[in-house]
Structures are given as C-alpha cells and as structure tokens.
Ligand code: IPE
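As structure tokens, one chain now follows by itself in the form predicted on its own.
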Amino acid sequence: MTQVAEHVAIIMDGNGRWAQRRGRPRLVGHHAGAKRVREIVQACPEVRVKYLTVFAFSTENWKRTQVEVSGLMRLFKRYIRRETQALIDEGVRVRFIGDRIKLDDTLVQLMDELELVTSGNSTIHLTIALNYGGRDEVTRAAQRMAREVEAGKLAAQSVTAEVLASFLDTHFLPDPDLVIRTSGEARISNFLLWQSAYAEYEFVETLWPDFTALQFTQLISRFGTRDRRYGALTA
C-alpha cells in the first residue's frame, strides 16, 4: 500500500551558505529562500500534501548578528505583505507557531491579519514556525497545563499524551509524516520534537534556495514506498 505524506515539515537550511558561496551577504540567501517557499506550496496539491510546516526562525536564531536578525524580521514582514493575496487566491490557510512575545508589534499584527484573512481556506494548510523551538513549545505547554491544574480545571491524574498535545502550538495539526532537512546537515535542531516521534526523515544535500519542486515531489514519491510500522511488526 502506497503511503501518503499528508503532513510534511521542512527545516529550510542553507540560505546563508548559499549566499556566501556566491560572495553575497547572508540576507541575499534568505530572500532567495523565501521565494522557494511559494514553489513548494504550489507543488503540494499534486502530491496530496495537505499540511506543510516550515521552520522559518528558531528560538536559537536570536544569537545571530543583529544585522541578520533585523534583516530577517524585515523579510518576514515583506513576505506577508507581498504574498497575502496569492495565498488567499490559492486557497492556502496560514497559521504561525512559536512564541510571539519577542516579536515586534508590527510583525505580530501582520501575522494575526494573515491568519484571519486566510482562515476560510482549506486547499493547503501552511504553518510557519517563527521564534519556535521544540523544547520551548513543550515548556510553555506544560506551564499552561499546570495553570489549569492549579485552577482546578484539570485533574493531574487525567493528564495523558493526548491532553499534553492539546496544549502544544500544533494542537490543530496532525503529526508530520515526513520531515525534510536541506543543506546536508543531519540533525533535527529542536524542531517539532514531540510531534515527530514517528515521522520519517530525509536529509538532503541541496541548499534550501536550490531545493526545487521536482526534488520535493521525488521525496514524496520515495516516502510512498516506506513501511511505517510504529513499533509494531508488519503482518
């Protein structure tokens, strides 16, 4: 039976190196990478990918230079303003995960507005992880759950894996079937730690700005041949 990757998550790595290899500032690579997102979103319906989650900015990325961080924040604002109408027209529902507390008010407002104006769409569900970290997400979920227990709204003995998952940023998403990381790095970098317990992984050498829709569809096709047993034996 052919497996369908209903939910694909991508660690979009290699933008900076792509630019540096061309003698350009790292931000040039981030701009090139942002353009690549649209191509991958447009490729999803053909290969029956319903949910696409992309890692745009991690809780650790604040450690980068102020020039790069500021440039990325401007890029996120520009991306939202430029792509909103296309996302609406193509039936893409956009939601953001991550902690918004460190993001500036203008960016948060743009994020809120994009979520609202695309809320009626259902062709593709695009989730953008912005100021996101898996450990941070689980920590915040545990804090919210603890407050519910303290308030008497939740009994400690009733906390299950399903209950904890309902407090995660991704409570509205199915778990990812396939996680792709570009740029040749073979690590998960604190991305969807809870959700990816049984995800399949693909680590590809291509830098994100060079990652094409064809490569994407080939990885989806290869996923279809995998035997996913979830700890059990094949009958």
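Numbers for residues come from their place in the sequence shown, where the first is 1. Since we're looking at a predicted model, the values are computed, not measured.
Note that the form predicted in complex with this ligand isn't included here; everything after this is about it.
The closest heavy atom approach of Ser196 to this ligand in the model of the complex falls outside 4.5 Å.
Among heavy atoms of Ile11, some come within 4.5 Å of this ligand in the model of the complex. Contact check for Phe55: a heavy atom falls within 4.5 Å of this ligand in the model of the complex. At the 4.5 Å threshold, heavy atoms of Glu202 stay clear of this ligand in the model of the complex, well away from it. With the partner omitted here, the residue from Ser70, Gln42, Ser166, Ser189 that has a non-hydrogen atom within 4.5 angstroms of this ligand in the model of the complex is Ser189. Contact with this ligand in the model of the complex, defined as a heavy atom within 4.5 Å, holds for exactly one of Lys50, His31, Arg64, Arg38, namely Arg64. Using a 4.5 Å heavy atom cutoff, Arg17, Arg26 and Arg181 all lie near this ligand in the model of the complex.
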